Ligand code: CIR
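A lone chain, given as structure tokens: the form predicted alone.
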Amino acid sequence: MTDPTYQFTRAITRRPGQSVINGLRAEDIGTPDLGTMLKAHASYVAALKSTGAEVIELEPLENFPDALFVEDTALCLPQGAVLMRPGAPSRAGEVAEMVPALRGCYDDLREISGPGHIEGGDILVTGREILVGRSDRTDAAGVAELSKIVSDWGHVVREVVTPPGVLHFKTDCSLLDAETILSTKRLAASGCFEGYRVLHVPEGEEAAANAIRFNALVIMAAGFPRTAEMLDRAGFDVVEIDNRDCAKLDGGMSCLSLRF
């Protein structure tokens, strides 16, 4: 049996636009270069397609500089999709822009109505549960509303805490298979992954923790050789993507696609 936690037939991505230079960032470490981002984004899409998946490529949204980070707009599950309610006010309009694409893929489309907030970057779906990290972008009310929605589909939500100074829960972790999680030591130290097999990213390579398992591949940011070697030794087929410019906007591998 294939495992729906990392076996996908479709993905949705959105190309960055010229306004991406105005994207949100926790710390200004430089202005991203659109040309370099487009090349990296094309490599990312090619990696997804190489597994046989259909990739829906959406046009840039110049009114929303962060719109390439589509993962924050929705949670895609086998039974249906849930529209998020972003905690960053400037990103709220991105959700409505995603609706047409999701309606073309799902019969059951629900939404977080508020007053709480929740973003997809704080949600990790494993083989047994949905972990949701409280963060500056996701609050208790948002988690509670999501829990009620997905319980109708037989899913269980467990709320966990994102470390201070970390934007999203998945900034520091990713799913490698149904029972294996790649994590920073600071996140794993909270005990949130008890019962799972945890692979810790080496010290100094914390940014490598945000990767995606997509069918046979683990797609990770380039420039973290010890993490890549560790994953290779563990038997994973690794593809490395240039993430230097997305990182200037606090973005990573999971942020760039909705996978289902």
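Bear in mind the structure is a predicted one, so any value in this text is a computation, not a measurement. Each residue number is its position in the shown sequence, starting from 1.
Keep in mind the form predicted together with citrulline is missing from the figure; the text below concerns it.
Proximity to citrulline in the predicted complex, taken as heavy atoms within 4.5 Å, picks out 61-69 from the listed stretches 187-195, 219-227, 35-43, 61-69. For the candidate set 167, 131, 81, 182, a heavy atom within 4.5 Å of citrulline in the predicted complex is found for exactly one residue, namely 167. Residue 250 belongs to the set of residues with a heavy atom inside 4.5 Å of citrulline in the predicted complex. Although the partner is absent here, residue 137 is a contact residue: one of its heavy atoms lies within 4.5 angstroms of citrulline in the predicted complex.
When contacts are judged by a 4.5 Å heavy atom cut-off, residue 255 counts as touching citrulline in the predicted complex. At least one heavy atom of residue 121 is located within 4.5 Å of citrulline in the predicted complex.
Scanning 74-99 for heavy atoms within 4.5 Å of citrulline in the predicted complex gives just one residue, 91.
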